[in-house]
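Before any questions on binding or motion, here is one chain by itself as structure tokens, the form predicted on its own.
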Amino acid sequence: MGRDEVTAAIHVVGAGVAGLAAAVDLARAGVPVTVYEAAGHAGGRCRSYFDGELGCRIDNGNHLLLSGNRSVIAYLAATGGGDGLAGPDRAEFPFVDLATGERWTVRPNSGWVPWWIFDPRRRVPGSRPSDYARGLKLAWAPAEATVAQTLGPNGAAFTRFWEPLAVGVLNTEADAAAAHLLWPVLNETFARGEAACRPRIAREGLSETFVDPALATLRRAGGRLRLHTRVQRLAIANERVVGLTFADGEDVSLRLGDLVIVAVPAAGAARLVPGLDAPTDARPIVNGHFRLPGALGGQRFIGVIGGLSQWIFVRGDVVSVTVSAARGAVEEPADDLLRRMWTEVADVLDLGAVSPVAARVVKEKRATFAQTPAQVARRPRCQTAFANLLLAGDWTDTGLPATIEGSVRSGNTAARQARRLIAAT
């Protein structure tokens, strides 16, 4: 079917990164697309907003990407958001151990042969080359194996490299996280050499990089976004979605050939899609944000071992702390968390007597699905039992962890499948 012959319309439920990726892909191909979002903004967890307590814009969460995240890079190229990422010209991952005061930087080398693991100046102090070669075990890890069972649970390389990497990527404790999910991340980044694992963070903000350019692209291509529009129910007949019912009582009937892509979190999708088997457990992320009296300059990050803080991000006069798999921290009072975080930030960044002018804790109790073997086994595929209903989201079976890369890839998969269904009608 040619571009001018397309009559089918796509209804995308959810304007997070997965929904936006699918909508942009389809709209640029000439397919009529409408995106419905229950909130008053697009982006889901990947967005920026003005925080009154801090008196500035902050990101909803801290996201560290790598230059080998090919789906994200392609998405940003398609939307014009490519300049929104910033990072070093070389792959460098600085760390500090709060217990010992040691500081080091992991520096992969160019090319496919990882000779950096043989250089003590490039690897974790106290580790051996064989500790990194063990990462190959992830490629053959059985579905029920955890990261700790596969790579740990002891040794400098595990506590100072594998564990923080796994917890940061999988947002699940290393003794519970599915080991095989870490392999595709390594295979697409570290295994491809320095050029594929250069760290990248949003230069200005997540919305400015991932959301605003996508919405502008969607509008230019003729797509529509309806905010404050919650899809309450999918009307289904003869194994097809035949209509959408919204929370305000409005109904939209679907024509023969129209498709629906549900791109909301797993719990919301399970409420909409009859019989859907999806992940039910989740893990929290806690972020702390500190506004400083003056800018520290540029964008950078540092990994932290042996403390509450796991990653510290610096962007101008705002310092942000991330605690992943934060089931303990999420229950602590915000003031206690801020005191502990700031003590570590001041130590790591050597701020001396400097005090923040404002601070804020953001707790995301269901930030991602729990990426344990049992929950990973519940991830559904894009295609559903209903002929014109597709799924997208980092919780679907992308083969990747629940990351921005996984979200974008799920949206691309849904868009590709939608085009095939349209072509077959």
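The numbering used is simple: start at 1 and walk along the sequence shown. Computed from a predicted model, the values in this text were never measured in an experiment.
Not on display, but discussed next: the form predicted together with a small molecule.
Visitor: With the partner removed from view, which of 352-360, 59-67, 373-381, 26-34 is the stretch that lies within 4.5 Å of the small molecule in the predicted bound form, judged by heavy atom distances?
Guide: It is the stretch 59-67.
Visitor: Select from the listed residues 287, 310, 150, 79 the one whose heavy atoms reach within 4.5 Å of the small molecule in the predicted bound form.
Guide: Answer to the contact question: 287.
Visitor: Is the gap between residue 403 and the small molecule in the predicted bound form 4.5 Å or less for some heavy atom pair?
Guide: Although the small molecule is absent here, residue 403 would touch it in the predicted bound form, with heavy atoms inside 4.5 Å.
Visitor: Indicate whether the small molecule has at least one heavy atom within 4.5 Å of a heavy atom of residue 364 in the predicted bound form.
Guide: Looking in the predicted bound form, residue contacts with the small molecule include residue 364, since a heavy atom lies within 4.5 Å.
Visitor: Check residue 39 for me: does it contact the small molecule in the predicted bound form (non-hydrogen atoms, 4.5 angstroms)?
Guide: Yes, contact at 4.5 Å.
Visitor: Mark residue 263 yes when one of its heavy atoms lies within 4.5 Å of a heavy atom of the small molecule in the predicted bound form, and no otherwise.
Guide: Although the small molecule is absent here, residue 263 would touch it in the predicted bound form, with heavy atoms inside 4.5 Å.
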